[in-house]
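Have a look below at one chain only, the form predicted alone, in structure tokens format.
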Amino acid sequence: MAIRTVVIASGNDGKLAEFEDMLGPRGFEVRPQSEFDVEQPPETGKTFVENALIKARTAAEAAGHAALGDDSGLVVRALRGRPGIYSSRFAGADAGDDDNIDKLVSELEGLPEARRGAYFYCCLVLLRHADDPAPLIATGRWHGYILESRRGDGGFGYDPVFYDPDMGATAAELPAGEKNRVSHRGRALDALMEQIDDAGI
């Protein structure tokens, strides 16, 4: 049976806007979990996929619709993969984007460009219903490196300091449509759509 309504298991306004831009034209009715009073569950997983599944299942149970869980973050090689699953709270539980960026830039201070490599990682989990035994799981990566200072006013999170050499811009400097085309989330969503088509959902 085809899925028409997808509840996005996130309270991040930036992510919600990106999913609306990417899923809306594909014929999906995208609804935020806030419409169903879904409380954000504790992210107790040790990996992106575990946390994405926790989010999707919580939203599917509360909303009674298919739910899409997203767990994503920044992986920095020089920091042995940090901030990773803790990207949104790298500088503390109540940290904002600027706090997290400041901590990241501080920890990389003095490192040359060659050692500032990083990638954004996204894991998407789609549950057709809360008890779906075979969730669809897709991932995407966006490679670049971390700048020493911010550039650009768009995006969210670490976008102002994440530089894509192929695009010649930070994530925060790219127009939304261009960012969605090349980003980790866009790539994961493309892979998920292939699975949806293959499964005849």
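Being a predicted model, the structure only gives us computed values, none of them experimental. So that there is no doubt, residue numbering starts at 1 and follows the sequence shown. We call the rigid core whatever largest set of C-alpha positions still superposes within 1.5 Å between the two forms.
There is also a form predicted in complex with a further copy of the same chain; it is not shown, and the following applies to it.
Proximity to a further copy of the same chain in the model of the complex, defined as a heavy atom within 4.5 Å, singles out one entry of G168, P133, P42, G27, which is P133.
A single residue from the set H129, R89, K103, R115 has any heavy atom within 4.5 angstroms of a further copy of the same chain in the model of the complex; that residue is H129.
Among heavy atoms of V38, none comes within 4.5 Å of a further copy of the same chain in the model of the complex. Contact annotation for L53: at least one heavy atom lies within 4.5 Å of a further copy of the same chain in the model of the complex. Using a 4.5 angstroms threshold between heavy atoms, T47 counts as touching a further copy of the same chain in the model of the complex. In the model of the complex, a further copy of the same chain lies within 4.5 Å of some heavy atom of R141. With the partner left out here, a further copy of the same chain still marks one of 28-36, 168-176, 146-154, 57-65 in the model of the complex; by a 4.5 Å heavy atom cut-off that stretch is 57-65. Residues V75, R77, R80, G81, G84, I85 of 74-91 are found to place at least one heavy atom within 4.5 Å of a further copy of the same chain in the model of the complex. In this overlay on the rigid core, A63 has a C-alpha that sits 2 Å or more away from its partner position between the shown form and the other one.
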